[in-house]
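Just the one chain here, laid out as structure tokens, in the form predicted on its own.
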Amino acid sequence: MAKQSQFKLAGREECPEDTHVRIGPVVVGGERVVVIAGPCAIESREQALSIAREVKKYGATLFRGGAFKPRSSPYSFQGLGEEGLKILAEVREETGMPVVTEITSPTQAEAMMAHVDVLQIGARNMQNYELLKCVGRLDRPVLLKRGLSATIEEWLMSAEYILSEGNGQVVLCERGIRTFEPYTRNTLDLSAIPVVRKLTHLPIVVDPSHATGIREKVAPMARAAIAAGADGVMIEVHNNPDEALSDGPQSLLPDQFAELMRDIYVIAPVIDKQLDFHWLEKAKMVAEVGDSKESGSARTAFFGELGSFGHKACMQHFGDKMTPMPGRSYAQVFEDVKSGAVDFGVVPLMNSLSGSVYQNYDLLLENDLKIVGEITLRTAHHLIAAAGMTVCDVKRVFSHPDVFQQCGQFLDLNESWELVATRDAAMAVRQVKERSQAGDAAIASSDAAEIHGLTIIKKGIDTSARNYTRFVVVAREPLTNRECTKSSLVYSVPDEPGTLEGTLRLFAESGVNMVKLESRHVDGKPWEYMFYVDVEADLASDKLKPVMAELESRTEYLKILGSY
């Protein structure tokens, strides 16, 4: 194994904290999965723009495309050169996606700086030291691909060349190494992800397209890369791969790319990340809100302290350009949004183990706010205490009552422990630190443990590994005019046979898929109920206006909580 002292700047000895590389509104290495997508080579303006529109629609945040193409054969398509760079700049202008392309010679540096956002060092140039020193002197993020036969140590030493010239914006890219196996183009070394994670603070993305070279192998390896902890993936996409001038056999069609993105969306929360389909749009909106504030930053309220899952939901949904504002209660979050003290609020609506958070459903009903977004977190709980303590030393455990319920099986094995309820799980960690008493422990998130400098003495103590919490974002007004994919509403119906069934049939006959139906009793009116419904449709769209008009005629009360 390489000694960390050999790569002083890339290693964790000098920089123990993870590096986040910012590329315009996109952050590589943060709370969200980055997806880089596009054709292997820029073939024409029409081809590039068409593919860019498709991949952005399905959630890509960076656009890739080669303008200079080093090929094994001198007779293969070598790229459009500087004309390709101009097309990439036009893609960025139209779509808002930062663009990535390969630099093959120091002589291209000036043109690259004029047109592109990320400089890619290809596998064959990983040890082109003059090129590495060149990009190290440029003020552009660098995507450094691993060489075809390079060890991890050699790869990190190449990163060291760039860092030593003053450019700290380096993203590593695993793209497969050459082995004796003939069934794929290369062998994708997924074990490199956890190894690199331990050795370096630099973010890492994976290129399964070049690794496998075969279209049907790309998606499974991309899914595996995210599950292994990669910060993102780089996927080749082409609208007509059979006619592609470069690497058509490994390029996904746009609908295949869309399917892969849905898979990654499901996988990402398992590794405490999110795939945000509207990252660029949201970043632009947050920036506009921030520009209108004296502080220069939009503000989002959540219940709890820093390190709570509400805080995590806030940061994963909005990113680091949003100022998180801890709140004392869910009611305060709604009040602060309503009064304009903050721009947004993030509150939980349902946990997969403990059920609905009825207080927030009631607050949605009582307040004239709109649901403008949602995010699902995997809420893994850990037993946290001072360094040196073990599970055998625990006498008292602090946390929120809902957390005790979600960790019931583990707590039942330790019946002698005293359970002390707190307003918030992150607060429990702070109290344990401040009390500094032998035998004290807390149950909370790993973020809370890190913030307060305590130690996790037992990981993952939830009764079920499928412990997820759905949070929603509330605001005073809708955030976008685009057609949304989901809506939430609440209504009541006359107490007559078939009235509820009739409203549900309206959705079915209109082809609207319902994903949630829950009844909630009306306060002060025994045996009367409101029905909370989530559907996969934009109920504010023109095409559903007749459906909503008919629904209103069949209900006694109807309120759309938001489309998002």
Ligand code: PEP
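Sequential numbering from 1, following the sequence displayed. Source: prediction; values computed, not measured.
The same protein also has a form predicted together with the ligand, omitted here; what follows describes it.
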query: The ligand in the predicted bound form: contacted by all of Arg299, Lys370 and Arg476, heavy atom 4.5 Å; finding: no
query: Contact residue in the predicted bound form, chosen from Lys273, Lys433, His400, Arg175 - any heavy atom within 4.5 Å of the ligand; finding: Arg175
query: Answer option from His115, His382, Lys282, His210, heavy atom within 4.5 Å of the ligand in the predicted bound form; finding: His210
query: Interface membership of Gly122, the ligand in the predicted bound form, 4.5 Å heavy atom rule; finding: yes
query: Interface membership of Val337, the ligand in the predicted bound form, 4.5 Å heavy atom rule; finding: no
query: 4.5 Å heavy atom contact, Asp343 to the ligand in the predicted bound form; finding: no
query: Partner proximity in the predicted bound form: Lys145 to the ligand, non-hydrogen atom cutoff 4.5 Å; finding: yes
query: Region of this chain that lies against the ligand in the predicted bound form, out of 438-446, 456-464, 164-172, 229-237 [heavy atom, 4.5 Å]; finding: 229-237
query: In the predicted bound form: members of 85-109 within 4.5 Å of the ligand, any heavy atom; finding: Glu102
